[in-house]
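One chain is shown next in C-alpha cells, namely the form predicted alone.
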Amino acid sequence: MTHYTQAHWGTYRVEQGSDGAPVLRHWERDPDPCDIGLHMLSPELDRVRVRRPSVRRSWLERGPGSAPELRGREPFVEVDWNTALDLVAAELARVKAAHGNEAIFGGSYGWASAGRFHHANSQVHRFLNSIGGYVRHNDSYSLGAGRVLLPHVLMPIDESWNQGTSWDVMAEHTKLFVAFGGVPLKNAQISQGGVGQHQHPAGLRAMAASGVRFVNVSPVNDNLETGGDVEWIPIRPNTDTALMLALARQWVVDGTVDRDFLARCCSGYEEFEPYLTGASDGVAKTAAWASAITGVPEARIVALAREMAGTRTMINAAWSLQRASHGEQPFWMTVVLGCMLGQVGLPGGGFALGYGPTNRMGSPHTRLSGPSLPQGTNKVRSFIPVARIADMLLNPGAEFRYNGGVHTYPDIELIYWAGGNPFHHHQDLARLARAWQKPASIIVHEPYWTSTAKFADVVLPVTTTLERDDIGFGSHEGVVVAMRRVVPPAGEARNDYAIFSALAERMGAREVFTEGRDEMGWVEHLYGVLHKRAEGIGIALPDFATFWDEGMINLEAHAKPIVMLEAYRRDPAANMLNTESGKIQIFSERIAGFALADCPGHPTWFEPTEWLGAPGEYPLHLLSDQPARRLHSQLDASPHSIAAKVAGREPVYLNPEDAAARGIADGDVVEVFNARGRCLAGAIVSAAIMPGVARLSTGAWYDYDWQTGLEKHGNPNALTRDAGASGLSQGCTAQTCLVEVQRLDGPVPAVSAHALPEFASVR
C-alpha cells in the first residue's frame, strides 16, 4: 500500500527514511514536480511552530481591549487548553451580548489547507454561523477587480477557468500567443485544491515545439519560459489597457474587425467604437497615442495588431494586470480584443484570464466539482470587499461603494482569524497595524509564529496538513488523494474542527456545528458527496474504504480537449450567458447605470494614481509578484525559501542602469522606500527587468522594527498602496506603487521575522 498526501504545490509520496521518520517524495506521474512541498517536515519549520495556546499578557491580565497598541511587541503567556477555550468562549459571548454578531469579523483569507475538510475558511465560517453569524468579506486580493467585473461582462471568473482552452488544443491550433504579463511558471506551481500533475511547463513546451510564436508584453522578460524563442515587448506597468486600445483601433482602421461575430455574440460594440476612434472624447486611441503612454514603439504596436489579426491568436492576461489602479479595465479590454478578432470559441483562438496564475487553467481534466464543508447560514448581512479591512477598522459607519450599491462599514469589536496571514496579503502594513489596534480582541488559529500570530491577543495552535486526515481533490487536477496523517501534531496543536467543536459546546451550539460527526465521519461524508457527483456525470468511484486503503484515484482517463466558449459561439441563443443581454458585454448598461466616474460602461484608459508617466519624488515602479519558492507567505521559514534570500532578505531586482545610477551591486542590502514605508531587501541586478522598474516578491514574513519604523525582511506591502481599484470592485491595487531604492550604508539590522515571540508569566 502506497501512502500519498497532497498540498498546494503537488501530490507527494510518503516514504520512510533511513532513520524511520517519514520523508516526502515527488509523485512519480508528475512531469514537472515542485520542490516547495518537500520541505513541509523541515526542522526549520518545526522550530517556529506555535506549541501551546498563548495569550498576550495585557489582554490576559486586564481583559479584552487592554493595551491594543502593544499588539505585535508584547510577551505572550502560555496557558492550558481549557483556560484558552474558556477565555475565547467568554469573549465571544460578551461581544454577542453587548454588540451583536455584527461586531464579529470572520477573517479567513489565504490558502489554508489543500484538504476538503480541514479548510480553515470553511471551518471558521461554519463555526461563526453556528453561533449567529459574522461580518464576511467578498472576493480576493488576487482577483478583486476581476471577480466583480467578469459576471457583468462574461461569466464568473471561476467558470471562465472551467472552460479554459486546454494545452493540447493550443499546441495543435494556436499560431500566435500574446501574453500581457507573461505566463509565470513560478505561479503555476500551485493550485488551491492541491496539484495533481503540473501542466504549464509541458503545455508551453509542446506549443513551442509545434511552432507557436510567443510575444510577452511585460515589464519583465523572465515570466514566459517555453523552451524556445519568446519576443519581449517591455511596457510601463499599469499601461496595458492603452496598448490594447491602440491594437483595437488599428483593427478598425485596417478593416479587420470581425463585425459578424460582434453582432452575433456580443452586445454594445456600437457604443464602444466611437471611444476608439475619438469620436466620443476627441482622443483617437492611435498607436502614437499609446506609444507615449506605454513606451512601446508606435511601429511595433501597428505591426503587432496586424500579426494578431492575420493568424489564429490566443490573448492571455495575467492576474497582476487587475491588481492595480482601475484594474477592471485591462481584463475587460482583453475580452474585447478576443471578440473584435472574432476567434472566441475557435480552437486555439480567443482570450484567457489567465494561463499562469495557478496550475488549474488549461487543464483537460473533467469538471467534477469537489465537496466542501457546508458553512451554514450567515444571519449577518454586513460585509466588506476583502482588501478594505483597514478602511473598515479605521472608519466604522462610513459609506463605501461596491458593485453598484452603497454600503456601510460595520463597527468591529472582535476579529476571529483562521487560515491566512493578513500581515502578508494586505497593503500599507503600517496602516493595517494602526487599524489593528481598534478591536477589543483578536483571536487567531496558527501553526506558526507568523506576524499575524504575533499581532493577536489569543493564539490557538493548529495542526498542519500532514498532521490530520483529509481528502485531497483539486476540481481540475485529475486525482483524488487519501490524505492520511503522516506525523503526530506538534506540541499541543489541535485541528480547527476540534477547537471549534469545543467552543461550540461551550456556547450551546455543538450539535449545530458538528451534526454528530467526528473528523473521520466528516471525511467519509464529504467523500460520499464527491462519489455521488461523479456518478452523476458517469464516473464510477470506489467506496470509501477502498479509496482510503488504496490511497489515490486517478481520473486521467476522463480528460478531453476543451475549447473555451465553443458551444456559445456555435449557438449563442441556445447557450446564453448570464449577462444583461445574454451576450458578451462590450458595453454594459448596468455598469454605466452605476454612474461611476472611475469605471464607466465600456473599457476606458485611466491614468494610474502612481505610474512612470508621472514619477515625481519616487522614480521606480515597484512590482510585487508571487515568490518562486513558497506560496504567498506559506513555508517562508523553510530552507527552500531561505536559500533564495539575499543577505537573509527577500531579493529586489533592479535593471543594470538603475543599479549603476545608485551605486548598487549584486548582494548589497538596500533600502526600498516611499512615503508609506521603508523596507530592506537584497539586491539582484538583472537585465530581465526593464529600466525604471523594481521587483520585490511578496511573502517575506513582516519584520517591523518599532524603534526605527523599518521593515527588515523585504515585505513589499510595507510600501504598497491601500486603496480600491475603483468604486465598482474596491479591489487590491498593490501593483500601483512608486518607490526609490538606495544602498544601505552602515550597520545592517538583523532579521528577526522567524524568531519566536517573548514568553512571560502572569505578573
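Position 1 is the first residue in the sequence shown; the rest follow in order. The structure presented is a predicted model; accordingly, all values stated were derived computationally and were not measured.
In what follows, reference is made to the form predicted in complex with a small molecule, a form of this protein that is not presented.
* **Non-hydrogen atom within 4.5 Å of the small molecule in the predicted bound form for each of 142, 217 and 634** => Checking in the predicted bound form: 142, 217 and 634 are all within 4.5 Å of the small molecule.
* Heavy atom within 4.5 Å of the small molecule in the predicted bound form - residue from 103, 628, 596, 373 -> Spelling it out, the residue with a heavy atom inside the cut-off is 628.
* To do: Just give me the single entry in 334, 294, 427, 343 that has a non-hydrogen atom within 4.5 angstroms of the small molecule in the predicted bound form.
  => Looking at the other structure, the residue within range turns out to be 427.
* Asked: Counting only heavy atoms and a 4.5 Å cutoff, which of 269-277, 550-558, 507-515, 179-187 contacts the small molecule in the predicted bound form?
  -> Checking each option against the 4.5 Å cut-off leaves 179-187.
* Asked: Is residue 446 one of the residues lying within 4.5 Å of the small molecule in the predicted bound form, judged by heavy atom distances?
  -> So residue 446 counts as contacting the small molecule.
* With a 4.5 Å heavy atom cut-off, would you call residue 638 a contact of the small molecule in the predicted bound form? -> Flag for residue 638 set to no.
* Is residue 651 one of the residues lying within 4.5 Å of the small molecule in the predicted bound form, judged by heavy atom distances? -> No.
* Asked: How about residue 455: is it within 4.5 Å of the small molecule in the predicted bound form, going by heavy atoms?
  -> Close contact is absent here: in the predicted bound form, residue 455 is far from the small molecule, nothing within 4.5 Å, heavy atoms only.
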